[in-house]
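Here we start with a single chain on its own, the form predicted on its own, put down as structure tokens.
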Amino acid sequence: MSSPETASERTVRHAFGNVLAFFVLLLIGVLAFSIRLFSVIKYESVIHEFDPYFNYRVTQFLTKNGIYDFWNWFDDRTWYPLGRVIGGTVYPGLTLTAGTLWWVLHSLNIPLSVETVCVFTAPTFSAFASWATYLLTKEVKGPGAGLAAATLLGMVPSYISRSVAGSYDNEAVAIFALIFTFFLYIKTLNTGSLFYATLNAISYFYMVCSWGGYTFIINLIPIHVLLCIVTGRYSSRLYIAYAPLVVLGTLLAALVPVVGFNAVMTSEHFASFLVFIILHVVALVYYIKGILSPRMFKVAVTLVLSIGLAVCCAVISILIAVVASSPTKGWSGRSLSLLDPTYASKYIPIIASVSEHQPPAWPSYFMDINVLAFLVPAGIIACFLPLSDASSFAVLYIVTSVYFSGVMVRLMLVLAPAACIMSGIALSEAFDALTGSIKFQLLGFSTENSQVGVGDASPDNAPAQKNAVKSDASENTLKDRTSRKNKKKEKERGKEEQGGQSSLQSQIKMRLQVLPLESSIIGVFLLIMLGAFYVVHCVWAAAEAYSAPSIVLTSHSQNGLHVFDDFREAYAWLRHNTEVDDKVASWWDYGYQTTAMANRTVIVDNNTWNNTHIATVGTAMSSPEKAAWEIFNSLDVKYVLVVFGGLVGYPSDDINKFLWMVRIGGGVFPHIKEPDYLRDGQYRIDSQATPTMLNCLMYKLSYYRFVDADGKGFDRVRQTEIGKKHFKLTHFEEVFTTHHWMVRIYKLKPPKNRIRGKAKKSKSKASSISSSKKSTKIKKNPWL
């Protein structure tokens, strides 16, 4: 057996390990940042998707006008004629973060534009999220598992999909805030430090500022606290970890304008208050138990529990009364759709119409977390060996996130950190077991045979060896009781013997856990291959699947790469060929981009806060041309924008979204009925389509002159010929169609011209009739 390690050697090894871990974390941060730059390398430095354009526009306003004007900004270019108060309806965390970064860089004389800062904010915070994952997993299972989890999170496709360069959305900073808040909670739970508890409340405040998903934190942590209380794990550390978070965190959350009194008035927060009361009742019981005798304690517990139950019943009654007064029982629509996956499709079609609110398909799990799906169960088992407060929180986190990701595909983003933590724990434990077996067999056998002997290390000889050690220690104790020096020698000898005994026991335990050498080497090789497969998949996902910006599309064919830049072409036309105060109507998906890139007023946008306004636009698109013209004219609309993919095969066009326009419009205006647009329950645009479908505005604006483009009117998305090919527009005129026919812009014909034309005709007819009458009269009686 090798000689025991001295204290100085342990200190050197510990310091070297910390330095090595620091450099590894640095490399993980570089990896997390660089793997998200494919979108910039392959395309250009541009903002992606739809929501990020609103965030970019708000950040521009913040850096130009300052924070006070930002809080009081009333935007009259959105939701015409209602407008929108930006400061009170937006989560300001992302905007303030990017604005602060821009201000710091300019203070250091680094003249980066606001757009550049916005493009690279998400990759920067992905590196921070990887480091936060290391800290959280280290508190759960040690630094080895932390490094593995941080590496996995830096490359996981689910997180890459929302944090590539240019993806300037709330999740860019919110995932870091989520993980860091969980780390500070576990850190406080392990140390019982009020300092970390205060930092935890501040981190929770930053999460509230950044994303509406903060309700996941304020419900998951109370569930864990309640679990610890029920399983008998209450301690003062648990109280310090939770109570300041609820009090200070709720006060800080109420300071965010978009949250306000919702922090204490909505059902999403009631669980934290109920657990807060239960925690104080339990704390009072433990306090009384420490100062009273057992008999008095029983009496006091009865009294405390009675009062506590009465208070809880009163609080619950008040909560039930408050909740019952709300038609949604105090829950938001998105929260209800998470608790009841069928709720949105039944009652709020505007939520169900969003593609990222749909349940994910099973293959998407393999696409977004890949091999982590197979490592997560092993990580859960490792958390129970042994089970601690921190590991129980990790298990609770993965279980809840798996459920929510199964309800809404967008929440795969919340699952990604939990899956990486569990997979990191599994990989770390597996590597420890396999490399420990290899090390023990290659280095431990020779020294053990020479000093201890194979037979002495067997489990059968262990009790005898323990008895021998005990007898020797007792004899030495009897001989050396005569002087203090002998007592000191006895203590030193006893420590050495105990150290030898413990090392012997650990050696025996290690031998029982040793795997065969060949199996250990094969296991390490398979784990390395698994990691290599994960890296290849993540790089492919980052380069191909998630790097393309939705505003610039590409396709590969035999002739090479084709770039479709129709969206920016259409917005540039609107910006340069329309008046500044012109209003543009489109489906709400394109509202943010139209306002940010075309600088024109829109009727609805991606905020979707007013269902009636969106239903009005959906009704106009579902109505015949004349009725749609009247609706748009009442809203002072001058241009209508539609997205059409039938020519180039772009599937996310307005024809594919049309049934959602019908459902949303019909939810407010009953004369719009979905069956009127279906033929025997099927959605068709060919010759079998219903007359209502063939005559609605969306059909006409999409397929107007389409037969002139390809000669036969074949829709490449729906894979069929359209039913109505030759028709004319009477109330709208085409003013612009992009190069690939993906965006089409129409202008409302002015009503005055048509009314005047009719008036002139009627006047001319009336004048001709009167003149003829007069002429006849004059001929008959010229003197009159």
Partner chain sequence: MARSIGDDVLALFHSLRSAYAATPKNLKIIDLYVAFAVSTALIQVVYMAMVGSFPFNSFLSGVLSCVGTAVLAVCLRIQVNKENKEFKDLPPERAYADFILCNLVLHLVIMNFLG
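Residue numbers count along the first chain shown, from 1. From a predicted model like this one, the values you see are computed outputs, not experimental measurements.
One more form of this protein, predicted together with the partner chain, exists but is not displayed; see below.
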- Message: Considering non-hydrogen atoms and a 4.5 Å limit, which listed residue (Phe195, Trp71, Tyr403, Phe384) is close to the partner chain in the predicted bound form?
- Response: Phe195
- Message: Counting any non-hydrogen atom inside 4.5 Å, which residue from Pro360, Gly144, Pro244, Gly713 sits next to the partner chain in the predicted bound form?
- Response: Pro244
- Look up in the predicted bound form whether Ala572 has a non-hydrogen atom within 4.5 angstroms of the partner chain, and give yes or no. no
- Task: Report yes if any heavy atom of His280 sits within 4.5 Å of a heavy atom of the partner chain in the predicted bound form; otherwise report no.
- Result: yes
- Message: I'd like to know if Ile291 sits close to the partner chain in the predicted bound form, meaning any non-hydrogen atom pair within 4.5 angstroms.
- Response: yes
- Query: Is there a non-hydrogen atom of His269 within 4.5 angstroms of a non-hydrogen atom of the partner chain in the predicted bound form?
  - Reply: no
- Look at the stretches 430-438, 405-413, 610-618, 250-258 and give the one with heavy atoms within 4.5 Å of the partner chain in the predicted bound form. 250-258
- Query: Along 166-191, which positions have a non-hydrogen atom within 4.5 Å of the partner chain in the predicted bound form?
  - Reply: Thr191
